[in-house]
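The chain that follows stands alone, in the form predicted on its own, written as structure tokens.
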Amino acid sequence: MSWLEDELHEQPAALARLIERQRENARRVAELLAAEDVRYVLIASRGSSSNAARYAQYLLGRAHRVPVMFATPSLYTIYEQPPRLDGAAVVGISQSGASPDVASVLAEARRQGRPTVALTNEPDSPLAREADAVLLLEAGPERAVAATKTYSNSLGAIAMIFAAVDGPEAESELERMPDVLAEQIALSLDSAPPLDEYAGLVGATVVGRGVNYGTAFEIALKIRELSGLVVEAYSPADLMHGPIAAIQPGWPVVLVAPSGPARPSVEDVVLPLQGRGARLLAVSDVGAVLRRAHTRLPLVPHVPEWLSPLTAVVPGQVTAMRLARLRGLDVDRPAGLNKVTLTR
């Protein structure tokens, strides 16, 4: 078994470990973000961590009712003209904690006297050293280049911060997620449809919205980094504002559409895409959505929507791994990529 598949299977245990060990740190972070002088949250991240940050935009925005936005690291590094951060709480998300540009955003925030938070798997990393509060991901060593358990635990850490604000019901729902995640992994592996017809594809599109907007980007990234294909992610609204013109007959489109308020808007693009001859792959627990798809990637039902990114990403991880193998590629060592990417 590859490192990637091993680590995919390790996700439920890693999530359970995070929830058990980091509860108090999550509450501390939630209190820091709720401080009276915090008027917005600024997140610095790269790669898969940026996809987790998209999830944070929704959950932290809902929990604290403040804008949540992305930093522009080049202003801090290349241009050396960082913005004023009055009113900001600054969060860095980095699995390795080693990316200089992410750490530089937190370092500047500290110089300006603003509170800083690190979500990282490495307690002694440069990012952790710049943080007033550290929420460790507790994922353990991850050897495969493509992140799986560190990504799911990044989502889990964000969910813990939300639950610390939302209260006991949310905490109880989160406590059940390691078992649900194990069920999803088994379902996605056991029910995986044949993908041979996609072996020769050159690219694909992924569509998601709401809390699963980041899931769409993470699935696109996993397929792209493991198979070298050109895969892009959009919200339904962004897709309809021009990019749909590039969808040609036979083009694969992955719809991330679990139950919840965002699902109808994702389903609204089905007819326009079918009219253009797209091959639809549906990630959903809704029978009506799955029946309209060319390829079905089912989800475990009855997952609260705010936690559905933890399960919705799994069919994408499995699909990305299987597509790479169909193309004869090494899933543990994608060409030209390293586990830790140092960007400035």
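For every residue, the number given is its place in the sequence shown, counted from 1. Quantities reported herein were computed from a predicted structural model and do not represent experimental measurements.
FYI, the form predicted in complex with another copy of the chain isn't displayed, but the following is about it.
Verify the contact flag for Thr343: yes if a non-hydrogen atom of it lies within 4.5 Å of a non-hydrogen atom of another copy of the chain in the model of the complex, no if not. It does: once another copy of the chain is placed as it appears in the model of the complex, Thr343 has a heavy atom within 4.5 Å of it.
Can you tell me whether Ala288 touches another copy of the chain? I mean in the model of the complex, with a 4.5 angstroms heavy atom cut-off. Answer no; every heavy atom of Ala288 is more than 4.5 Å from another copy of the chain in the model of the complex.
Mark Pro168 yes when one of its heavy atoms lies within 4.5 Å of a heavy atom of another copy of the chain in the model of the complex, and no otherwise. Pro168: no, not in contact with another copy of the chain in the model of the complex.
Gly277 within 4.5 Å of another copy of the chain in the model of the complex, heavy atoms: No, Gly277 stays farther than 4.5 Å from another copy of the chain in the model of the complex.
In the model of the complex, the one of Ala144, Leu187, Ala128, Leu221 near another copy of the chain [non-hydrogen atom within 4.5 angstroms]: Selected option: Leu221.
In the model of the complex, the one of Pro249, Gly200, Gly113, Gly242 near another copy of the chain [non-hydrogen atom within 4.5 angstroms]: After the contact test, the surviving option is Gly242.
Are Ile78, Asp86 and Leu229 jointly within 4.5 Å of another copy of the chain in the model of the complex, each by at least one heavy atom? The answer is yes; Ile78, Asp86 and Leu229 each reach another copy of the chain.
Counting only non-hydrogen atoms, choose the one of 178 to 186, 115 to 123, 136 to 144, 254 to 262 that falls within 4.5 Å of another copy of the chain in the model of the complex. So the stretch in question is 254 to 262.
Within 288 to 309, the residues that have a heavy atom no more than 4.5 Å from another copy of the chain in the model of the complex: Sequence-ordered list has one entry, Glu305.
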